[in-house]
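So this first bit is one chain, no partners, the form predicted on its own, shown in structure tokens.
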């Protein structure tokens, strides 16, 4: 379960389904926010088993627990609760919203977009539905449509929390990382202190933004706050692991990413652990982890919720099987054109020697405005292979500046660059 734009949608649904807390006992106070919501929803069902609202509450609470734990089994339980809701009240609007959220959680973005378009016609002034439209279109790469939907959210309810988090994500994609951080800070200030997982999620995303901006110390600070607030939180562990990699503390990164993988044993998390092991010089462990990753990733490759982007980079950069990288990339590109998929597709084309088409795809990704060190490095290497040294130097300088801000490497890239063999 990746840290995608769709994950943030749960914040707005929580605001929509306000669960009563007045009857919480001291024992329940030791539970997580999602566990408390599950308990309250089940009490509602016990009191009124013939009403659909309790099942909607339970479905949403279970979905929230899925984000807390990264355990997709909670999504399946949510589906069961939602099915009961529709049995009691077919096509109830709240249930339809949760259905779209579950589609987003399964990464069925095209289906989620189509369902959100239909529901938007039914309830044209619903902020939540515009949130769904933003999420689905952003994941598909329809950024103009995503931006329009996010603006509707802010116009309908200025300063609303879910609108702020979506605007922040789009700001990042459009290259305004400072603006994205400001919006995330506003969202954090708007989140009640009792919603510790929501606040930890926002801090984890803010840490990602700081790191993307080359501010590792700021990233570390907010990520430590997130972990103090919600111990063992998998999103914060993953981003703090990336901070440690940027600091050259590879063994520390391995420890954090092992902890994250133990909490959230998904293929993409194993891939990042394998890369950290390789950086730490633990080649035997890295090889074993990469092999396990490949097996695990292939099992889910045909699903919408997959680790195909990581699989592309594995085949391109570690297994040195460029044809397999391109095969996976073409399949993924057939379903979505977001900047991260375009980057992976471009890199697969590059390692197969198709640099003209690779340049077209990486240019399309960067034209959105994103400032991502890895993408810029890919663009630089592709430009080198095409003999465009001016563009290559610019891209590689920009990539290095984001990775090592203010360092000698950022200030003094070589004036003349020589094409190298493909490398990540």
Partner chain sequence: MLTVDGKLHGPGEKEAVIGTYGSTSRQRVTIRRSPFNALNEGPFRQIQREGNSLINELIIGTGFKDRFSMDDPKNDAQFAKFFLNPLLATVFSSLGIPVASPPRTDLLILAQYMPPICPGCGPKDAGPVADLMRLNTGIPPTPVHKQKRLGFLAGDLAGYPNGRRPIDDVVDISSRAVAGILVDPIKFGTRIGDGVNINVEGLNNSFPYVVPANSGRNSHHVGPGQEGCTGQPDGVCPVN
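Numbering follows the first chain given and starts at 1. Just so we're clear, the structure is a prediction, and the values are computed from it rather than from any experiment.
Although it is not shown, the form predicted in complex with the partner chain is what the next lines describe.
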query: Residue 106, heavy atom within 4.5 angstroms of the partner chain in the predicted bound form; finding: no
query: Distance check, residue 88 to the partner chain in the predicted bound form, heavy atom within 4.5 Å; finding: no
query: 4.5 Å heavy atom contact, residue 126 to the partner chain in the predicted bound form; finding: yes
query: Touches the partner chain in the predicted bound form: residue 147 (any heavy atom, 4.5 Å); finding: yes
query: Proximity to the partner chain in the predicted bound form, single hit among 179, 353, 232, 335 (heavy atom within 4.5 Å); finding: 179
query: Listed residue (122, 262, 83, 303) with a non-hydrogen atom within 4.5 angstroms of the partner chain in the predicted bound form; finding: 122
query: Stretch from 275 to 283, 167 to 175, 107 to 115, 216 to 224 whose residues place a heavy atom within 4.5 Å of the partner chain in the predicted bound form; finding: 167 to 175
query: Residues of 183 to 217 having any heavy atom within 4.5 Å of the partner chain in the predicted bound form, listed in sequence order; finding: 183, 186
